[in-house]
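Form predicted alone, single chain, as structure tokens, below.
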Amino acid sequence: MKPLKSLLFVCFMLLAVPAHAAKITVAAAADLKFAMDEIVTAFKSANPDEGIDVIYGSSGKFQTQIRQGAPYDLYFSADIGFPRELAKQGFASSEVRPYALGRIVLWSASLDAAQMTMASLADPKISRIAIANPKHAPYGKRAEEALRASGLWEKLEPKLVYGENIAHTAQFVQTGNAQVGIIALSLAVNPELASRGGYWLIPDTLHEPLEQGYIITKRAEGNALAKRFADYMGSKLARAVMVKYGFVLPGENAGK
């Protein structure tokens, strides 16, 4: 009887494990940090048995990693062109969905950036300006475009320090390693940064549109949780959070 009792106990324990428990890994552009954390928390409160791990970083580097087989189930890019390329190459199991038009701002922890303009960056007292690396970070590319359109790139290039992604760029300014940074609006409006300094919204006429989008990767084809979370990103609750952080789609009004 003992072996039978042991077998029944094991079966009972297996049945006790929620059959619907699942887990996904999301690769997200660093500008999404605060908005995505809030959205994931809300999703988990309604789906306590589901697991969502979010890794934040450079959109360009994530694209390369997905091509190389990185285990990401969803990919949120600060430049919609990256997921579009992956979709064309067979690395996506969904259509490419836009989630925002990104904006860039001047931000400083030590100066009143709200009173600045692009011309202010030429002030000799400003010796270090942080931007994301234009080679693989979409926000860095737009920062370079804005500086070039303002006729400042050649003059200011010696002052530039480059972050690996937009969150790393903001850290340069937070820690005093740069006096001013060109960062994402979504980071500047977060209370953690907003309490330390104002920001100046860079006119979007100075750079190409920063259309942002996401996909469910080929790896997650048939993954019910990945699809549910992707659909949740389009819900009223999720969109309200996105708008609060400046992630606005055409037809929406910015919360900031």
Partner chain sequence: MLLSGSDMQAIWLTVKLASIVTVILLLVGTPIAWWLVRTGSWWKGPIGAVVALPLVLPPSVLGFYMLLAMGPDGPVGHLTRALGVGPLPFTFWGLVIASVFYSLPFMVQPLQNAFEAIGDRPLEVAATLGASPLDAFFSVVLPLARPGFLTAVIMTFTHTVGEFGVVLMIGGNLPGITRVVSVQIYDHVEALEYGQAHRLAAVMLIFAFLVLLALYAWRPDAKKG
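Numbering follows the first chain given and starts at 1. Computed from a predicted model, the values in this text were never measured in an experiment.
This protein has a second form, the form predicted together with the partner chain, left out of what is shown; the following refers to that one.
What stretch, of 70-78, 100-108, 147-155, 160-168, brings heavy atoms to within 4.5 Å of the partner chain in the model of the complex?
In the other structure, the partner sits against 160-168.
Establish, in the model of the complex, whether S58, N133 and T175 all lie within 4.5 Å of the partner chain, using non-hydrogen atoms for the distance.
Looking in the model of the complex, the three residues S58, N133 and T175 all sit within 4.5 Å of the partner chain (heavy atoms).
My question is simply whether R128 lines the interface with the partner chain in the model of the complex - judged by any non-hydrogen atom within 4.5 Å.
R128 belongs to the contact set for the partner chain.
Using heavy atoms and a 4.5 Å limit, would one call N190 a contact residue for the partner chain in the model of the complex?
Looking in the model of the complex, residue contacts with the partner chain do not include N190, since no heavy atom lies within 4.5 Å.
So in the model of the complex, does T64 come within 4.5 Å of the partner chain, heavy atom to heavy atom?
Contact with the partner chain, yes.
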